[in-house]
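There is one chain below, alone, in structure tokens, taken in the form predicted on its own.
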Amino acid sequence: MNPWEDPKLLKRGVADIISEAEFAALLKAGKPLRLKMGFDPSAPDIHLGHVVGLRKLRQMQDLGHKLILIVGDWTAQIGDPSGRSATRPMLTAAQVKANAETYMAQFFTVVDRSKTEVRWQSEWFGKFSLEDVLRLTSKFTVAQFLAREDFAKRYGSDQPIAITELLYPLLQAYDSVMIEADVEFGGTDQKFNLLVGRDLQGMSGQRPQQCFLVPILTGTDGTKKMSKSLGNYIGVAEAPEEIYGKAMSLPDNLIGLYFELLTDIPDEELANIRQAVQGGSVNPMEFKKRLARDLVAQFHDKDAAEAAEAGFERTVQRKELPDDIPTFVLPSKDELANMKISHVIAAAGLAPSVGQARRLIEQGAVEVDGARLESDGPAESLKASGLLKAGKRKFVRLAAK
């Protein structure tokens, strides 16, 4: 099948292509395309929400096209000086570099490194002058930017919009001009920014880029966008048993979506799975196990997937204790006197943060020696040799300092 006719490329895992006809014509022409993907190194890790787009990039690379990966190091160091945006903290150059290295190590578990060119945004913005900024901003109006849905809502409800926020779409668009992108990839929440890049390229005498938009993946809670801050994510660098266990916790109505966006099963089989889940003819757990094995194998290997499944069946389904429970040495008595149990849970690595630990306690998902913890009590109540469990799969054996 010709790539410009392949529904796997143009339909599956695709929310929109602007313009699909132009994009198909470019594919038909047979010339290698420059694929743009940018990332903000304010955080180092990748989760399955990112993988949806990365899989499409890999498909394009396999057809002979080249990815230009832009590291947003310049904007990451600026952050949001107003402090209103928690997702844009101001970072040092060292923090940006460390985050970028971790991000790319995970990124290239999906994308072909040999067909990728990495560019750092500071290559061009490091030389930007006030004159360059004014020339760039003169090409668009405030009214155009207030047409963006989130800006329009905030403006209509008298919520503040920092001037830096209006600049970010322009800076992202300028990236497209500098690398002469043929296609830019992003989630549906990035549609406005990608279209600004398309417009700016046209103003600069370049052929406007195609905008390849992928769906936003719903998180493991079944309601909100997958996000580390919400704790509803599956990280690509997580341990096999974590990936497997989190996949098994998915609501049944997400099984089809995850198979569609994150696996290569044939469309006909996908339709059968959706029908079986909806009709109740097959226990959904069997499909979840298959999905969980597939995800673990993608980011680890087949042996790890089989081991993760065996561990899940032993500890969750048969409620047996794991064979290799790690030991966590409790802080001193004086330190424990000023701590809550949630602090110990986080310190022991049973939760990514104290806030997440508190939520686990509130959900009744924490046990001490088999007894469910009803509240976040004082840490000094914990005893050495006790067994602390958080969620369905994480255990530590407590020991005295």
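The model shown is predicted, which means the values in this text are computed figures rather than measured ones. Numbering starts at 1 and runs along the sequence shown.
Although not depicted, the form predicted in complex with the RNA is the subject of the following passage.
Taking the partner from elsewhere, no residue among R58, L67 and V110 has a non-hydrogen atom within 4.5 angstroms of the RNA in the model of the complex. When the RNA is considered in the model of the complex, only one residue from G349, P44, G355, P32 comes within 4.5 Å through any heavy atom, namely G355. Checked against the RNA in the model of the complex, the candidates M178, A307, A147, V316 yield a single residue with a heavy atom inside 4.5 Å, and that residue is V316.
Contact between L360 and the RNA in the model of the complex is found at the 4.5 Å heavy atom cutoff. With a 4.5 Å cutoff on heavy atoms, G13 does not count as touching the RNA in the model of the complex; it lies far away. Looking at G370, you'd find every heavy atom of it more than 4.5 angstroms from the RNA in the model of the complex. The RNA is not drawn, but in the model of the complex it has no heavy atom within 4.5 Å of Q206.
Contact with the RNA, judged by heavy atoms within 4.5 Å in the model of the complex, is confined among 97-105, 114-122, 276-284, 187-195 to 276-284.
Residues R372, G391, K392, R393 are the ones in 366-401 with at least one heavy atom within 4.5 Å of the RNA in the model of the complex, listed in sequence order.
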